[in-house]
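In structure tokens, one chain follows: the form predicted on its own.
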């Protein structure tokens, strides 16, 4: 299995429009520190699955026939806006799997074009090519799924964004399932008030502790989180890494974390 973090930002991205905090100024000066909408590509054998579609240049990144499926965590615009252009393409239908949200986003269901929507059910596993995916309910303002993804040789990857904490049944599933790699929402730095829709660092670290010994990559990062990190270098354990756009995690890295 190979995982590529194509985008690691929150809805506003980094740099945030109009903001001159140190993180945003750095991102404007150095492209490597920019964060685009949270999106990941998971590959195993000939299977390529895109998790979320917030990137607006999907038609340029992925030629026709290059994706096995698109899997959506939820229907907030920053996670599906790339579908609006893609749908008007010509060619074979593209399967799009997602949670049972009857509203979806705008008119995607009504005018779906070449997109073929499939509604998933929590904890009901599906198979797409060489990958098996189990939808895991998360805690967010829209119906949202994380995904437990396993390839044909047993490598396991969990993608958990957007959420604030984990529902008890999802947490128990992950403890038993024991992923080698976890991508975890960490939108905000430590906050005094309870977060409303996304993990802050305190909650993310608590989740990471329950999922030991998995390697945890923090994603869905805001400019506030990046600015906090500029002042708090070295605060994270070696098992926890803040992901950046275009970062690739190979099957060797996943196996090493599982002790193989």
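Because the structure is a prediction, the values reported are computed rather than measured. Numbering follows the first chain given and starts at 1.
In what follows, reference is made to the form predicted together with a further copy of the same chain, a form of this protein that is not presented.
- Among 177, 123, 117, 88, the residue placing a heavy atom within 4.5 Å of a further copy of the same chain in the model of the complex is 88.
- With the partner removed from view, the residue among 128, 164, 148, 105 that has a non-hydrogen atom within 4.5 Å of a further copy of the same chain in the model of the complex turns out to be 105.
- At a distance threshold of 4.5 angstroms between non-hydrogen atoms, residue 234 is out of contact with a further copy of the same chain in the model of the complex.
- In the model of the complex, residue 140 stays away from a further copy of the same chain, with no heavy atom inside 4.5 Å.
- Although the partner is absent here, residue 76 lies within 4.5 Å of a further copy of the same chain in the model of the complex, judged by heavy atoms.
- Interface residue remark: residue 97 is not counted as part of the site for a further copy of the same chain in the model of the complex, having no heavy atom within 4.5 Å.
- The stretch among 205-213, 43-51, 226-234, 63-71 whose residues place heavy atoms within 4.5 Å of a further copy of the same chain in the model of the complex is 63-71.
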